[in-house]
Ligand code: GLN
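Given as structure tokens, the chain that follows is alone and in the form predicted alone.
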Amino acid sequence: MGKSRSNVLFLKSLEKRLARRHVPQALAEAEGLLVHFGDVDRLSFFTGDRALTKRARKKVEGALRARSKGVPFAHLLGETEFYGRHFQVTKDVLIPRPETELLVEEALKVLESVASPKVLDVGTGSGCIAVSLAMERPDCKVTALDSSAKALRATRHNIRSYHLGRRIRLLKSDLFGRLSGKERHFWDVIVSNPPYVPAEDFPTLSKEVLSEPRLALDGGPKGLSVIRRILSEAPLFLKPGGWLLMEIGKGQSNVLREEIEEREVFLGVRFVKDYAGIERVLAVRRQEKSL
């Protein structure tokens, strides 16, 4: 049997086994495991220029078993792609989701009219939002906050990978707690992907989701505890007319719309739907009057 045929048959075997475990995108993940753990590039694998060694096959098989048991694909590889860039992910940070790219896109839209903007990323995790905004807007300065020292190690690695150490400041902070008095009414845009999974939903979550840090997922009752804290505190730190953008969970928009309109702190509220039609990004603008 030729090397190319042997390689492809092994790939198909991996795909079928992942599919039986209901792993989404089984073929793409099978290829990813082969390239990462098989020490072979995709072209050489398919042309048969290189056959997988027995040692490489064992490594791939071990990764497959871990994936089948619910270990996230990104954790196996130690990285994932977000907004066209690669980011290190560890078990201490939330794995970036495609939905969060909508948050970056909306932030870039509101920043179009702001020169040399100052951006605050609350609960930065891997730093994917902060890095993406800094890369897309070279004139902006970003401060990224997270309450987890372990998460900030991953953030720091990703910031250094893109040579952004002078443009992104990191602070260990529970939401806005570490900001100074000088930073009140200071920020043009505040962005956040806060914990928003309802605490009552945790018994129904998959092993894969539960392998991620609970601190980054658990939004308390109905998933709204941290979101409400941010809505309450953010106006003190936004410039008049500044924007707050947050990712939210399914079914939370109606409750949040009523609460925001009752407070009359923000100029209206709008929601951006994700690809599944879920109102996923909340966008509000602070009143021009002083608070």
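Note that residue numbering follows the sequence shown and begins at 1. Computed from a predicted structure; not experimentally measured.
Omitted from view is the form predicted together with the ligand, to which the following refers.
Which pick from L164, V71, L108, V197 sits with a heavy atom within 4.5 Å of the ligand in the predicted bound form?
-> Partner contact (heavy atom, 4.5 Å) among the options: V197.
Counting non-hydrogen atoms within 4.5 angstroms of the ligand in the predicted bound form, say which of L179, A151, L217, V114 makes the cut.
-> So the residue touching the ligand in the predicted bound form, by this definition, is L217.
Picking from 169 to 177, 124 to 132, 187 to 195, 140 to 148, which part of the chain touches the ligand in the predicted bound form when contact means heavy atoms within 4.5 Å?
-> Contact criterion met by 187 to 195 only.
Tell me, yes or no, whether E99 is in contact with the ligand in the predicted bound form, where a contact means a heavy atom of each within 4.5 Å.
-> Within the cut-off, so yes.
4.5 Å heavy atom contact, V104 to the ligand in the predicted bound form = Taking the distances in the predicted bound form, the answer for V104 is no, it never comes within 4.5 Å of the ligand.
Using a 4.5 Å heavy atom cut-off, state whether L94 contacts the ligand in the predicted bound form.
-> Residue-level check for L94: yes, a contact with the ligand.
Should E247 be classed as touching the ligand in the predicted bound form when contacts are defined as heavy atoms within 4.5 Å?
-> Result yes; E247 sits at the interface with the ligand in the predicted bound form.
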